[in-house]
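This document starts with one chain, in the form predicted on its own, laid out as structure tokens.
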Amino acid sequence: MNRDFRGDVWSYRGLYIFLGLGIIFLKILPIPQTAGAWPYPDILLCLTMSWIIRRPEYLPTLLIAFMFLLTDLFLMRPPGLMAFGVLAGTEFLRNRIYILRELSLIGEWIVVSLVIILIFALTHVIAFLTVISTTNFGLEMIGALTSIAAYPLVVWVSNAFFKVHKPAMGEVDERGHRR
């Protein structure tokens, strides 16, 4: 436990920003998608959900809001709409962190799946009620389903390559606070 916790947190925040900008860059590349193809999963959403459950101190609320507002602007979505939905979903998960840490991956996957579906449905309903042009609701739900399907892979990559894992039983930070 000789690691500097504060430096560790800031390095993971930097890694999140780097990964987020990379994902945004890949999304805005002009890659043709054939008609009838399924929408790509929202990897940034999966990454955010995974890290919130494992290490919420790595992702403060303002960082999540900034990344998803940036995503909204670059992808030409209504500014702040998806950011609002993701913030609502991540804060819901953050407030239930101690319950979610006790679940297996399957239980966690079910909870995250429900949150992802609610985020996509909430943003679509708000866009519809405010008369913002939206995409087909069915396509948005397929996008949610592909994100749900990609979640276990994102969890595995986060754990295997970036070492973002659930805290061990009794693990504390340098101040003695439970992680």
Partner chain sequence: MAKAPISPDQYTKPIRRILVGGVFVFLLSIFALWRVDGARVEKFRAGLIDRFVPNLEWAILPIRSVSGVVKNFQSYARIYEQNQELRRELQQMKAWKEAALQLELKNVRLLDLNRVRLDSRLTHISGVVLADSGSPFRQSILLNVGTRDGIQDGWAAMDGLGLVGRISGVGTRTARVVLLTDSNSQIPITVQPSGQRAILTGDNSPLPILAFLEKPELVRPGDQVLSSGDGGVFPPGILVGTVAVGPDRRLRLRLSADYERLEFLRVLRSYALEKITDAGGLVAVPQPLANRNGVLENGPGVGRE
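Positions refer to the first chain, counted from 1. Keep in mind the model is a prediction, meaning the values are calculated, not measured.
Keep in mind the form predicted in complex with its partner chain is missing from the figure; the text below concerns it.
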remark   = With the partner omitted here, the residue among Leu69, Leu145, Val115, Val154 that in the predicted complex has a heavy atom within 4.5 Å of its partner chain is Leu69
key: Answer range among 145-153, 107-115, 43-51, 23-31 for contact with its partner chain, defined in the predicted complex as heavy atoms within 4.5 Å   = 23-31
ask   = Any chance Ala121 has a heavy atom within 4.5 Å of its partner chain in the predicted complex?
value = no
message = Although the partner isn't part of this model, could you tell me whether Leu103 comes within 4.5 Å of its partner chain in the predicted complex, counting any heavy atom of the residue?
response = no
ask   = Does its partner chain come within 4.5 Å of any heavy atom of Leu93 in the predicted complex?
value = no
query = Closest heavy atom of Leu73 to its partner chain in the predicted complex, within 4.5 Å or not?
reply = yes
ask   = Has each of Leu62, Leu81 and Phe84 got a heavy atom lying within 4.5 angstroms of its partner chain in the predicted complex?
value = yes
Contacts with its partner chain in the predicted complex - residues in 123-162 whose heavy atoms fall within 4.5 Å = Ile126, Thr130, Val131, Ile132, Ser133, Thr135, Leu139, Glu140
